[in-house]
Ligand code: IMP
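Have a look below at one chain only, the form predicted on its own, in structure tokens format.
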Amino acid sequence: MTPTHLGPAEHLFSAEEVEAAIQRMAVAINKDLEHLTPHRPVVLLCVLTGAIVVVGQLMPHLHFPMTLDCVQVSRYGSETSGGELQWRTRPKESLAGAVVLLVDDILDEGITLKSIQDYCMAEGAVAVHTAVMVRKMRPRSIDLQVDYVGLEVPDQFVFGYGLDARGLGRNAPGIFFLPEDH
């Protein structure tokens, strides 16, 4: 698939580069988490909808007991700029006493990821480890450290490999960005 239906786009990372980044993240996650779960599996918490592709690629490389759950929180919808935080789906499983691996597609401003992380802790998680496929290189107004980052991208609107542009392009084979005027 070429992303031409979204207008002119520029290629940042190939599918092979994205998959290699996911494998590097898995190695680091395994190193940190595989010894933590003798009595209770890690809760892998997928942030819908963008992180579906990342989680699907990441899971086969993780070597520790885990359960899979999801949360759907959005500030973008089909827009290209963030708005009010909208909680659509909360985790179905209890997070009390759990170690959570929270996986999102992108760290942009950090508001969504920080809100979900705070929610997990308020629900009783003993630890929340965060992973994002891409981190935008931009200043942020909130203090948020992400434990695992796949790729760094410029402060442009990016799509592909789960990330969307106006609801489209999640299936683009790699990471692309739209010029500012589109």
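Given the structure is predicted, the values throughout are model-derived calculations rather than measurements. All residue numbers are counted from 1 along the displayed sequence.
Note that the form predicted together with inosinic acid (IMP) isn't included here; everything after this is about it.
K.L.:
Picking from 60-68, 23-31, 123-131, 152-160, which part of the chain touches inosinic acid (IMP) in the predicted complex when contact means heavy atoms within 4.5 Å?
P.N.:
Selected stretch: 152-160.
K.L.:
With a 4.5 Å heavy atom cut-off, would you call residue 136 a contact of inosinic acid (IMP) in the predicted complex?
P.N.:
Yes, contact at 4.5 Å.
K.L.:
Please determine whether residue 98 contacts inosinic acid (IMP) in the predicted complex, using a 4.5 Å cut-off between heavy atoms.
P.N.:
Flag for residue 98 set to no.
K.L.:
Using 4.5 Å between non-hydrogen atoms, is residue 91 touching inosinic acid (IMP) in the predicted complex?
P.N.:
No, residue 91 sits far enough from inosinic acid (IMP) in the predicted complex that none of its heavy atoms falls within 4.5 Å.
K.L.:
With the partner left out here, check for me: in the predicted complex, does some heavy atom of residue 102 sit within 4.5 Å of inosinic acid (IMP)?
P.N.:
Residue-level check for residue 102: no, no contact with inosinic acid (IMP).
K.L.:
Along 93-125, which positions have a non-hydrogen atom within 4.5 Å of inosinic acid (IMP) in the predicted complex?
P.N.:
The stretch touches the partner through 104, 105, 106, 107, 108, 109, 110, 111, 112.
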